[in-house]
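Okay, here we've got a single chain as structure tokens, the form predicted on its own, with questions on binding and movement later.
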Amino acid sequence: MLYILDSANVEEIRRCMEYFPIDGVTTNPTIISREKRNFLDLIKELRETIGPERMLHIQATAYTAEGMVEEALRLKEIVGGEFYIKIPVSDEGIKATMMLKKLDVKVTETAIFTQPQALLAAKAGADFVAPYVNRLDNIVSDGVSVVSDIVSMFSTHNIESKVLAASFKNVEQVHSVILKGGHAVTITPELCERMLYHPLTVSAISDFDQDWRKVYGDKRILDLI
């Protein structure tokens, strides 16, 4: 299971990397634009922050397959490391994916809402396919079920592409996708914090501390050995 942070905010990313086992960062044009920064400076800082070994997903903005390929090659040259170009699933996107695989560029096919879209993307050579869970739920569909179908379909047909589930609004959605065999999830920094929190855990830690203080006061273990 891979946890990919859905953010382009450098400070948020640094904090999450300090406290959580983050495997990489994924962005899209919306996430990038929220930072209101020079694009080139931002993507360079993102790579510097997470290091070359963690995944960095950056989405193409060109309209044509040829334009997407050009953007992917340039971005790979600039950020280096474990880089994935995100390509929206469309006719031009599928064409671009097939072209990029011949050039040894890793691809994440994004904005996926159906099982057939995921299969086409995988057959075209996508390393990851990214179905949108909460957006499916919002149109009275079942995002987790779609992810489950895709995972099963890939297993049945021995397809190497991985499912990078995206678009989550709560911990239950993330948990359900993991139970269904999703290979990776994109989570916001806020959701990352929520995944760890439980009031009973907070209460238990408080009880431990209070019981300790009754005997040892403010002293910690290193003060006593």
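One rule holds for the numbers: they count along the sequence shown, beginning at 1. Everything numeric in this text was worked out from a predicted model, so none of it was measured.
Just so you know, the form predicted together with a small molecule exists too; it's not on screen, but the next bit is about it.
Only one segment in the set 45-53, 66-74, 164-172, 196-204 has any non-hydrogen atom within 4.5 angstroms of the small molecule in the model of the complex, and it is 164-172. Not displayed here, the small molecule is approached by residue 135 to within 4.5 Å at the level of heavy atoms in the model of the complex. With a 4.5 Å cutoff on heavy atoms, residue 176 does not count as touching the small molecule in the model of the complex; it lies far away.
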